[in-house]
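Let's start with one chain on its own, the form predicted on its own, as structure tokens.
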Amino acid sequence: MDLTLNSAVMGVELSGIRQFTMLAKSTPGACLLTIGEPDLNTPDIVKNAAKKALDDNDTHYPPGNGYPYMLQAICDFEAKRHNLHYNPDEVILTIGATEGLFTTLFAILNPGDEVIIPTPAFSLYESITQLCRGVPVALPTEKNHFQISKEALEAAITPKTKAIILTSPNNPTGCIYTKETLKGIHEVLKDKPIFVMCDEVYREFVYTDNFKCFSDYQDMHDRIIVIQSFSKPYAMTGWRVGYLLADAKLRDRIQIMHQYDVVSAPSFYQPACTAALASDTTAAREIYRGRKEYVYDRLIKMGLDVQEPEGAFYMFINIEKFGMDSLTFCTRMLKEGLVGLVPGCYFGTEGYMRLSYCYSDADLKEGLDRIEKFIKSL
């Protein structure tokens, strides 16, 4: 008897980032700078709110999209913090940003629809697009300082283009889109029936005052979907909670997938998430800013080519001069130098490797010492 599975599932591999991290973890004595997970702990005010909710027996089914007070808190936060104006009927509390991305793409894609993904990019975008029967279309940016040009975007658009995913600050580069880049994207897309998914999970970690997001273009409100997460800014990776913002008519359809996929985010999380939104992330941002400056200075002194990030907590390091593909280079550095970074091939861009600097100062120093020793041995 031949049993068959969903062909979309059969065509997608497990995350290369996770696989390489597992390889690094299984390498005795290795120093890991791979995963983008804050080394900070969830703030006590957030944990205490969840504990109180449990003590108050807030353990029953909540409304599918989130409690009314939770949705209002998100709207108030976005209006005050980012000048984005949404109503509670335009919000869904999700199981992390990942569910927000998956739920949205499932809701908008028909088989064969194309999704433009500027690369380098988090590999999850490509995989989810394929699982939703869409076609990922890479839009390389490494030759343009990781910015999207109008000409390149126009060339990538076809009659089958349904959406584009924009990530700023970016994973893996840490770069942000300039105002000129965003203006160009807007000029290309403003009159086209193309959805714009704005993955803004690193928006609280920006190290410049010269910052603008595409979601600010609210003349495209009916086509913009904002994806957010509590994981990075509030050190809540294990909580698996985020939210999406979308025009009410669009959100009405996205909630169908959300309802049948996960039903709802957990009830007792929601007081904790409300507390998180009311907390101050400045201290965490300044910790990462200091680490960014230290890591960037060390890499430049090593003679490595890297563009200084303006957000998130990653460095995307050019290793083309060493004459190896990124998987070979990173594997050798792991085995010979006992330090793990993620190969650029897992972000759709060869000739680079990603360093995460959301590790402790001691781990960063040790890891950078090992990188320096390894490249000197080549």
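Since the model is a prediction, treat every value here as computed from it, not as a measurement. The first residue of the sequence shown is number 1, and the count goes up from there.
In what follows, reference is made to the form predicted together with a small molecule, a form of this protein that is not presented.
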{"property": "is_contact(P118, the small molecule) in the model of the complex, heavy atom dist at most 4.5 Å", "result": "no"}
{"property": "Heavy atom of D199 within 4.5 Å of the small molecule in the model of the complex", "result": "yes"}
{"property": "Close approach of S231 to the small molecule in the model of the complex, 4.5 Å, heavy atom", "result": "yes"}
{"property": "Partner proximity in the model of the complex: G96 to the small molecule, non-hydrogen atom cutoff 4.5 Å", "result": "yes"}
{"property": "Among the candidates T167, T103, T129, S215, the residue which, in the model of the complex, approaches the small molecule to within 4.5 Å (heavy atoms)", "result": "T167"}
{"property": "The unique member of Y177, F195, F122, F205 whose heavy atoms fall within 4.5 Å of the small molecule in the model of the complex", "result": "F122"}
{"property": "Heavy atom contact within 4.5 Å of the small molecule in the model of the complex, the stretch among 246-254, 232-240, 183-191, 142-150", "result": "232-240"}
